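Presented as structure tokens, the chain that follows is alone, the form predicted alone.
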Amino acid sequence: MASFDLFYEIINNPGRYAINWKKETGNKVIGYFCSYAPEEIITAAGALPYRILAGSGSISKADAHLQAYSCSLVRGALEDALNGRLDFLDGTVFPHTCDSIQRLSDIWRMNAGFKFHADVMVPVKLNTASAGDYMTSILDKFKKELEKLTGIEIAREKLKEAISIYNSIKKNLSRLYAIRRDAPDVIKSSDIHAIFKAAMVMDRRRLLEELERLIADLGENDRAPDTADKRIVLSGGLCSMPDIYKTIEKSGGVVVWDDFCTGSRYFEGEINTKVEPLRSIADRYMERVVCPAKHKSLFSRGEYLVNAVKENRADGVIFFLLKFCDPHAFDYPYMKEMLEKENIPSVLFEIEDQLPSEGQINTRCEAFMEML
């Protein structure tokens, strides 16, 4: 029988997991924001990539540095740093993403007090001939900065090994999505949600072992028949999304796909092992589906969402937008319009990293399912 206990244990206190890992290995723990952070290079340096999501308490100190309309991800993360709740980190990586994260980088560098700070200025336009060369050079610069911090040479073979590990992780995460899509009763979305949150702070070799064990355990079960529940695709910008899956399932829906950076965007796109490692990592970022802070074409995100609905036989889309997240808010109108042209129903929920009142979101979910 498949067990998810380890993943839930880790997400209940990810900081404790990182602290214990650091004590056991003696290696560095590197915090990072955004799925554009080159985890493969961090892993090749012998360090633990640790995804910084939302804060773990009320916000007071961060308000002295940030406007009230900054999103809860930015404010909560800074609050944790200023209160010492991230002191186990040896440094932080800030990819070039939205304006809020870029400004947080400056504030973080001046006030958080970490020894290592890296701005990975990946390009915004990913459809130009020079973007790949530029991104490769940025990754090379970051590699040298990590080598200086760790005192470890990140040789080509170490990068190839890390790439192999991440390719295998991505394949297994993709398999979990396929199992849920084809047999929603076999694995709950809440369990996948826990796996993803744990995956971004776990030792990646241990993660791969656990995913392979889990896939094997799930494979021993007979696939459950397709349910009569409405099939839903989620889209939005919730990095530390609260567990809304139980609410959706209680309302008569099942999630069959998503467009989250802590979901499908995290595992989509295999890294080519036949190309030079840094270039292959850069190419994967260029080719995968983009987030709203990047540009590939005018309608690439909308086209991806429409195709995701069709390929996964979904009945509708629920948008979850983090309050004050401008990039996703700017994309929402045209994506909604593209769905409407295909007669695909959708609904928008704007929330913080904590859910609004249970009754309110339950009522809206139930109403959407009834409409479907």
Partner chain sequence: MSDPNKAIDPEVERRKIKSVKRMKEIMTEYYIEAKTPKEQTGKKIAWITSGGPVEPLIVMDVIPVYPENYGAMIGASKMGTDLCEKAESMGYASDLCSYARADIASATVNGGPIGGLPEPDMLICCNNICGTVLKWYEVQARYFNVPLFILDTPVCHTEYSAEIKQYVEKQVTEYIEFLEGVCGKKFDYDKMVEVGELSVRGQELWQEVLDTTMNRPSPMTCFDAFFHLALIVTLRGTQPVVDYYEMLLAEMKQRIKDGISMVTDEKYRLLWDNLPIWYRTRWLSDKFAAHGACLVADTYTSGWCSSLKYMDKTDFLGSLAEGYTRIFLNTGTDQMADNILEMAKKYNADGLVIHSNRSCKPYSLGQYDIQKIVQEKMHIPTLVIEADMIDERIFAESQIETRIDAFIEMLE
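Positions refer to the first chain, counted from 1. If you're wondering where the values come from, they're calculated on a predicted model, not measured in any experiment.
Although it is not shown, the form predicted together with its partner chain is what the next lines describe.
For the options I59, A329, V347, V306, the one in contact with its partner chain in the predicted complex, meaning a heavy atom within 4.5 Å, is A329. Exactly one listed residue, out of R85, R175, R213, H96, brings a non-hydrogen atom to within 4.5 Å of its partner chain in the predicted complex: H96. Only one of 275 to 283, 177 to 185, 107 to 115, 256 to 264 lies within 4.5 Å of its partner chain in the predicted complex by heavy atoms, and it is 107 to 115. Of the heavy atoms in L149, none are within 4.5 Å of its partner chain in the predicted complex. A residue is said to contact a partner when one of its heavy atoms sits within 4.5 Å of a partner heavy atom; A155 fails this definition for its partner chain in the predicted complex, lying far away. Proximity of G236 to its partner chain in the predicted complex falls outside the 4.5 Å heavy atom cutoff. With a 4.5 Å cutoff on heavy atoms, G269 does not count as touching its partner chain in the predicted complex; it lies far away. No residue of the trio Y166, R206 and R231 has any heavy atom within 4.5 Å of its partner chain in the predicted complex. The single residue of 141 to 157 lying near its partner chain in the predicted complex is K141, the criterion being any heavy atom within 4.5 Å.
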